[in-house]
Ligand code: BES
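Presented below, as structure tokens, is a lone chain in the form predicted on its own.
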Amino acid sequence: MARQSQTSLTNQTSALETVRADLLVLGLFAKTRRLPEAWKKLDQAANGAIDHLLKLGDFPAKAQETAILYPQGKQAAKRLLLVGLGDKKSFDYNVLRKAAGTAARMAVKLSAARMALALHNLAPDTLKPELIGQALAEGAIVGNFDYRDHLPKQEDGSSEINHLRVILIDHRPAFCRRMNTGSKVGAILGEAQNLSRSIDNMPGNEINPPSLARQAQKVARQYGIRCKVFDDRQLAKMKMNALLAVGSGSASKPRLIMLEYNGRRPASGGRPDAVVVGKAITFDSGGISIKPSANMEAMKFDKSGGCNVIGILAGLARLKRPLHVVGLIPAAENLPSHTSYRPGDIVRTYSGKTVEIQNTDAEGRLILCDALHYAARMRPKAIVDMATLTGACVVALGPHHAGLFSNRDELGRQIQKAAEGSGEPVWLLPCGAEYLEQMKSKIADLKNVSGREGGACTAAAFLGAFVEDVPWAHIDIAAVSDTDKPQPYRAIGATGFAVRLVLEYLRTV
């Protein structure tokens, strides 16, 4: 797992000027020029340092912008950090979440091991204390994450904090208690997201299908989740030929990993409330249809969907929701060799449908079609899959939204609502019969590519052909699963996008 600082959260009812911390963090809206009334006592204790900064106009307070003050006054905190909240009209819980992440990363940079957060201090009264606490906890925990397993300590020039203590501050006792309730939920969601990131960041020489299965088994033991792993021999008996075909060129053979959480009382089998499916290509070279070498190192992130499933099931177990949820992770390594599947091959999938292979780099839909049909046979109330599926979705939406596709309007609306609550945005796109028509083959039931037009939609339509009549939603996370551009609130590498989104959906069903 990634070497990272531990983050603990507590709540404290206190006036700002009396807070003892290495770093006291305040949130400020853009273009603020007058000292907020709520900060007057703090500013007096700090010898007018905040008021002086505001009058100078040196801090525009754009979103995630920061200013550090070192006042030599009677305030209890050693440093003050102002974090920009941007335009007040666009303020929401996600702004708080990102501001908390920004503060956590700044605390680590300053070696400030004890950080007090009062980012919500100027927030409107319409915001709920529980959701404020949840957003602050998520942001701080996700922000305090860096993948440094292969770096000597402090080799990158930054200081490391073994334990970041975060205190959520408010002067109102009842508000603080409600904020504490939300922060406990937020801590679980943030840690679930970081669990996904810690596995997803691991390189292909450390994570292959068998070792990913071992990671899942380890997490299952830790959280009391049932885990079953189907190896290549069992997959052959089950006739999961699409999954086997994709992994046929690698010495590390495919696996189907099944995680099961049953929080029903009394626990019983039967129809699951949901099946969550995640694509896990532990490394994707493209196979025989090999990718260009430029940026191929990022293809270790083609397992993001599968890593998300591990994080989601762990989070669900910690939340103790009264649900029965199954997680499925089809895992394969897509490499070229003399045993690889080829363009022109025809594969009979687990469902019985045949697929003509026209491009071995359109492999994600192949491993998913077997897993999705396996999920459909459980007759769950809903199936949700996450996959780094198409470059077409990257072109369509850029790095700002995941693509959302669904065969049920109601399920699509539920996922959209969960996306808004989690701060992980999606955009609904079509995947109807006209797109499936583009996937028809002249020599098989389907083909695995259909050209450039509507590529994300045709890929989703292909997947939809294997879920029968079960309500299903597909989240294409290709553009948002990883990043090489650091943000003030988040490190480079895996993002864990959709862990909190799907957990938010499962919390509300």
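If you're wondering where the values come from, they're calculated on a predicted model, not measured in any experiment. Quick note: we count residues from 1 along the sequence shown, nothing fancier.
The form predicted in complex with the ligand is left out here; the points below concern that form.
With respect to the ligand in the predicted bound form, the three residues 65, 68 and 105 uniformly fall beyond 4.5 angstroms at the level of their nearest heavy atom. Comment: the ligand is not present in this chain, but in the predicted bound form one of 188, 288, 299, 202 has a heavy atom within 4.5 Å of it, namely 299.
For the candidate set 282, 422, 193, 388, a heavy atom within 4.5 Å of the ligand in the predicted bound form is found for exactly one residue, namely 388. Shown alone here, residue 378 lies farther than 4.5 Å from the ligand in the predicted bound form, counting heavy atoms only. The ligand in the predicted bound form comes within 4.5 Å of no heavy atom belonging to residue 356. In the predicted bound form, residue 130 stays away from the ligand, with no heavy atom inside 4.5 Å. In the predicted bound form, residue 478 approaches the ligand with a heavy atom inside 4.5 Å. Contact with the ligand, judged by heavy atoms within 4.5 Å in the predicted bound form, is confined among 246-254, 388-396, 317-325, 228-236 to 388-396. Residues are counted as partner-facing when one of their heavy atoms sits within 4.5 Å of the ligand in the predicted bound form; in 440-459 only 449 qualifies.
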